[in-house]
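In the block that follows, a single chain appears as structure tokens, in the form predicted alone.
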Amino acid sequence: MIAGLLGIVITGDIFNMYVFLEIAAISIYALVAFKKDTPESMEAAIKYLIVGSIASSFILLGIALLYGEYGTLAMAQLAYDIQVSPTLVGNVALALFITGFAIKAGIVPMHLWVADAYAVAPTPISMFLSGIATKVGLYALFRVAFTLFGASINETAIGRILIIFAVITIFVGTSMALLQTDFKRLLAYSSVSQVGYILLGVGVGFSVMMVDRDIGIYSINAGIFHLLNHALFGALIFMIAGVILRQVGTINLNELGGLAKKMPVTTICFLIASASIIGIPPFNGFASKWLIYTSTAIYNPLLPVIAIAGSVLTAGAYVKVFHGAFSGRELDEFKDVKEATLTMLVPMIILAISCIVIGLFPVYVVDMVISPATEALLNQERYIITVLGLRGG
């Protein structure tokens, strides 16, 4: 799986990107079904396989259209040809790419596989799915849209489409999270909503890029920054769910209670992760959400209101978790429950500290990591010249 994910970001060939995406996807199908004796695991893996295959079909068809139209699979050459000679076929291919990668990223209404896969997969796999795997769908979407099509597309129209899907994703994700009693399923829907925030930042950046490039870059920085932050606190919160399942034997919120006294370090890590997801200062989630709020306010004052309302609903979901699992009366059946072992606590503590450090010093992260990534993503011309120049023009 890791080999596939690394290949996606290294390759400069659109078909190889598809191949590496499938290598990662097939590995994930198997990992979701790792507990092969559990019917729920097999059902979730099969559902993910079917939905993932549909997404892959859209992507492969888009690649076939581009190859038939331009006669090459090299991304730099394709980017040059599309820029010089944009066609209707290229626009149809872009629509297919957006659909396929949106399914891979779990964007509403193409998110139905997410809850089952996240909830029943082994905890390390749930962490990986939330923190990295679904983000690859977003990465591929952004890379194809910016690097491959770039200036040849109607950025305003694409941006508005992304904004609409972002708003829907935020509210569906948070609303469904509020209804869950299974901790991991609640986290799955919460992860869906965070994808909406990432889309919102990038969508606004798309929409204003032609009018004000500085604001567009600022907004895209916000979306990519939140992608990085969600990889951290998303992995942390799933790790906490896994620790509770291992130490207690259940993650049903109706069956838990009083764990704060038994598992104080885990409780502190949960509070840090929750504050990060909700967007409370001084944690990393606040830093990226604040950038999203301010950039969207410039575009449309209603959007930050919607985004903040989504954060309020997210807060309700995590208050529900804290009340159900950590506070309240200590149950007799959990009197022998102990804190997690050091091998489980150390990774949680590292991620929790990362959430705090990035929240305290977000400017350095944006300047040193996020801005260079955004610049590389947006600078289609430099990519074309660099790659084709190395090949002798």
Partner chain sequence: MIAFQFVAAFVMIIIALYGLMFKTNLIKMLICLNILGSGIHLLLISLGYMFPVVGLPTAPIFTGFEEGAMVGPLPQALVLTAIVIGVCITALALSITVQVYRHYNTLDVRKIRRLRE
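Residue numbers count along the first chain shown, from 1. Fair warning: this is a prediction, and the values are worked out from it, not measured in the lab.
The next section is about a form of this same protein that is not shown, the form predicted in complex with its partner chain.
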- Query: Asp81: heavy atom within 4.5 Å of its partner chain in the model of the complex?
  - Reply: no
- Can Pro347 be called a contact residue for its partner chain in the model of the complex at 4.5 Å between heavy atoms? no
- in the model of the complex, does Gln180 have a heavy atom within 4.5 Å of its partner chain? yes
- Query: With the cut-off set at 4.5 Å between non-hydrogen atoms, does Ile54 touch its partner chain in the model of the complex?
  - Reply: yes
- Query: Hey, with its partner chain in the model of the complex, do Phe128, Ala241 and Ile306 all fall inside the 4.5 Å heavy atom range?
  - Reply: no
- Message: Within 4.5 Å, heavy atoms only, one stretch in 138-146, 262-270, 201-209, 184-192 touches its partner chain in the model of the complex. Which?
- Response: 184-192
- Task: Taking only heavy atoms into account, state which residues of 73-93 are within 4.5 Å of its partner chain in the model of the complex, ordered by sequence.
- Result: Leu73
